[in-house]
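Below you'll find only one chain, the form predicted alone, shown as structure tokens.
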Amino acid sequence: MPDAVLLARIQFAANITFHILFPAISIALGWVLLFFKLRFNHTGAACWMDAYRFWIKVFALTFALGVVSGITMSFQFGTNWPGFMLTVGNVAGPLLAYEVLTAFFLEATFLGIMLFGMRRVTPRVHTLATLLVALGTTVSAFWILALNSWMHTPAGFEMREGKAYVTSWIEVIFNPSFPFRFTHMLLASGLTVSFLLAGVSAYRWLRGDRQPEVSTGLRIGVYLAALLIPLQMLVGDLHGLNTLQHQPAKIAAMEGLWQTGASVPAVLFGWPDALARRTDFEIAIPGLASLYLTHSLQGEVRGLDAFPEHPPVLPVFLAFRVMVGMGLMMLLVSWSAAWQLYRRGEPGRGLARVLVGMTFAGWVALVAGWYTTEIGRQPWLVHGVLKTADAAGPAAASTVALSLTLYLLLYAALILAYVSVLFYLARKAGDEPETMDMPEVQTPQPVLPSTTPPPARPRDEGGADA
């Protein structure tokens, strides 16, 4: 049986993998709902409100699972990783508390108005609630990414008697990698939601659902993906340069670079062998890695031989290529779909099937990118401050193995239930179009001269005019 530390790492990885799927949707979907609501307020077109009513159900389902998975994750800080809070709790604790106080309560409170208040509050208050929920999801991401970035590039603290004490909250929050990680995550959320919108709408379209809201969701999803994927590639490149500066061993593992050298090739495919310290079946382009890492074909890049400790190469190498490969596929599909929708006005059946197949493409890219950056931080839990092995608790391997098995079974059941309910909602929306429950729109009416005679004036009991 593997040792308890490895099992605890697998358990936390499984938990974070399950959890991150749902915030990745709720962050961007909140803003998409706000867009639908504003478009309806401005135009009064029913398709925007119908789209809002369908996707708010998906948002509520996603939000609920995000909360549940986040609670189980917090338990593991105490059961499997007590050394984390013991060493850096002065930094991590307040950041997690800020997330609950400023974001979670905001989302939970106004989500109720979004779901149940459409006919109970004015349209303006309902739109404000939608804005505050969208803002809450982004604020939540802000605090979580601040903590995660600090674990990669810690700043603004000092160590006293083995514990971290904050010397500058500004430096803690806006640590060197925070702007890149935060932007990268927001764009990843946008891409996840854009392909979700396009995939589910294409599914409804293939089933013969031609309601205007289907076309609206499909177009918004495709055009949003076509816009965001180039931005994500640009931010990803900047993020890579930042990582090369602060975590060069991670870059060496991502590139499968065993030896320091100049004019380093970009390995498109290969299978790293850590024992032999080489990459088998390698297909590479000479000088390309030096070009995008140093902006020079002759640029020197440090290899894994330059570091006494480095992350495991094989999972980081493969995860990075899955992320990049999925990103290139997203670019090809979104631009092809945008061109077809622009020229034909509707998707062909082949394109619709491709979009359905890529409904969860954002999840795949997101998890691959998350593995790249988190496994690439090893053997450190907090880079240069706390090693993963030093933060582990005393739980026996058999105990961790049992809880890991239960977690995996639970997560598998929940993810299957989520996907099943999502497509059930899509089928139900197409089979039984709902009666729209729209708030009234206050549109100004022109003042026209009256063409009807005024009503007869009532007479008093004596017959005289009143």
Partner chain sequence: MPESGMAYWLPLASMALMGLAVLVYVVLDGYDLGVGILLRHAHADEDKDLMIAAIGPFWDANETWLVLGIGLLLVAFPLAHGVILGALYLPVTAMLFGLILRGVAFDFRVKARAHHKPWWNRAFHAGSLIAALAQGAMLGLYITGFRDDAWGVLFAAVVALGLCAGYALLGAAWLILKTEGALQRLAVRWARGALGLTAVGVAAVSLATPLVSRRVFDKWFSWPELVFLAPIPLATMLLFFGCAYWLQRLPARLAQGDERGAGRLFAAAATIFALAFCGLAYSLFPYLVVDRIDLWQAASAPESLAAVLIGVAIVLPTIAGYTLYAYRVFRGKATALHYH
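Just so it is clear, the structure is predicted and the values come from calculations on it, not from any experiment. Numbering follows the first chain given and starts at 1.
Here the subject shifts to the form predicted together with the partner chain, a form of this protein not shown in this document.
Chemist: Hey, of 338-346, 82-90, 175-183, 310-318, which bit sits against the partner chain in the model of the complex at 4.5 Å between non-hydrogen atoms?
Modeler: Single hit among the candidates: 82-90.
Chemist: Quick one: is residue 117 in contact with the partner chain in the model of the complex, heavy atoms, 4.5 Å cut-off?
Modeler: Yes, residue 117 lies within 4.5 Å of the partner chain in the model of the complex.
Chemist: Does any part of residue 71 reach within 4.5 Å of the partner chain in the model of the complex? Heavy atoms only, please.
Modeler: Yes, residue 71 sits close enough to the partner chain in the model of the complex that at least one of its heavy atoms falls within 4.5 Å.
Chemist: My question is simply whether residue 168 lines the interface with the partner chain in the model of the complex - judged by any non-hydrogen atom within 4.5 Å.
Modeler: Outside the cut-off, so no.
Chemist: Though only this chain appears here, would residue 292 touch the partner chain in the model of the complex if you measure heavy atom gaps against 4.5 Å?
Modeler: Outside the cut-off, so no.
Chemist: Of 241, 283, 329, 101, which one comes within 4.5 Å of the partner chain in the model of the complex, counting heavy atoms only?
Modeler: It is 101 that has a heavy atom within 4.5 Å of the partner.
Chemist: Among 38, 412, 67, 45, which has any heavy atom within 4.5 Å of the partner chain in the model of the complex?
Modeler: Only one option qualifies, and that one is 67.
Chemist: Considering only 107-138, what residues come within 4.5 Å of the partner chain in the model of the complex, judged by heavy atoms?
Modeler: The stretch touches the partner through 108, 109, 110, 111, 112, 113, 115, 116, 117, 118, 119, 120, 121, 125.
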